[in-house]
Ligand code: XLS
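This document opens with one chain alone, in structure tokens, the form predicted on its own.
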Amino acid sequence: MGLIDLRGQAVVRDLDGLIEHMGRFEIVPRFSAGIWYFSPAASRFHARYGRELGIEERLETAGRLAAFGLSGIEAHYPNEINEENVGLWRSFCSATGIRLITVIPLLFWDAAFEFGSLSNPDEGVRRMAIDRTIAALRLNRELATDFAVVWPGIDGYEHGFGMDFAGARRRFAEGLAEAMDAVPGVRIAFEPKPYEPRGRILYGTTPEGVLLGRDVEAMLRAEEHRRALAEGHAMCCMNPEVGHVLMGFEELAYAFSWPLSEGRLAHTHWNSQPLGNYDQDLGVGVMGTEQTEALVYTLKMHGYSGYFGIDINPERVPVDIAVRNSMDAIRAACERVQNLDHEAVLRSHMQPGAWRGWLEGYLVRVRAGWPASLGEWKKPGAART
């Protein structure tokens, strides 16, 4: 596919324009899933709950989910997709109608990356990471994906005393820019995470991801990139994950508004997660449904039309059931958001003195199974009951 136009996300509207947009624009969610969790995962705390499945078996399960709305699939290079098995992936996409939307360079698993990938101070190891990123970007271009997710899970530190933080960030950004310029036209969707597996990961929060995008784009030299940037397109975009954002004690709607406000939200990863804690990758809707709805509302405000990527670790639930539950939870959130009184919601924020407490009471009634029993809830200017 060509470069997807994200510039509309950054459009600034006045109150009347935003009210009109919210009434007109509807989020119709499209769903993708990562092939990595379609096989039981290993853990350092317990044995694998079931045998490890090969790629063909995983794709067979994913293919059956097309009937329930799965339309995109995501995979890492070279362990899940590579030059040798790309024919299998082409056949899968052709047979099921499910698109391969991203090929992700595997930059965190290999023993060689013990001390980092693109940020590694050993130039030989760093060269290996850059070359792997280039190879993954080439496969993205060959298969006409939408973007390449990049997650720096192993680039970070545990003991920061005396560390050259600026140097590590510079090596990472320069390495990513070099790889992008080697394969012009493939957009990056960067995924922050504050910690795990490293004690602290570089570019771990959402605003840090925005800063990385700006820094990398300033380093790009390929003519195709310079032309796209001059036209207002972002090339180093973002793929925030709900769980990672909450691990960093960020608030979902506010955090996602950062890349949205710059037209940088290329993709989204969805699950649920308690604040802080380890990365649990629980199914969407297991907890935090009010934050899920608030995030969907912010996406609607910015006209987000990308995929909703399900990124879960269904240890104790069959993967097909877990994916279906997560898709249904997002559909339900989108439906609730769509049917809200958008003018009233927006005015309650723009004219807060006149709408004190109204939004809280309104949302209680919207979420209640028996709202009539809670009594009538008037808008400002009307007599209260």
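In case it trips you up, residue 1 is the first one in the sequence shown, and so on. All values derive from a computational prediction rather than experimental measurement.
Below: the form predicted in complex with ligand XLS, not depicted.
In the predicted complex, at least one heavy atom of Lys193 sits within 4.5 Å of ligand XLS. Within 4.5 Å of some heavy atom of ligand XLS in the predicted complex lies at least one heavy atom of His244. Among heavy atoms of Asp311, some come within 4.5 Å of ligand XLS in the predicted complex.
Remark: Asp279 counts among the residues lining ligand XLS in the predicted complex, judged by a heavy atom distance of 4.5 Å or less.
Of the listed positions (Ile104, Val183, Ala173, Val296), a single one reaches within 4.5 angstroms of ligand XLS by any non-hydrogen atom in the predicted complex, namely Ile104.
The partner is absent here; in the predicted complex, the one residue of Arg132, His225, Arg126, His269 having a heavy atom within 4.5 Å of ligand XLS is His269. Contact here is defined as any heavy atom lying within 4.5 Å of ligand XLS in the predicted complex, and by that definition not a single one of Phe256, Arg264 and Tyr304 is a contact residue. With ligand XLS left out of view, the stretch that reaches within 4.5 Å of it through heavy atoms in the predicted complex is, among 204-212, 110-118, 83-91, 185-193, 185-193. With contact defined as any non-hydrogen atom lying within 4.5 angstroms of ligand XLS in the predicted complex, the stretch 78-96 contains no contacting residue.
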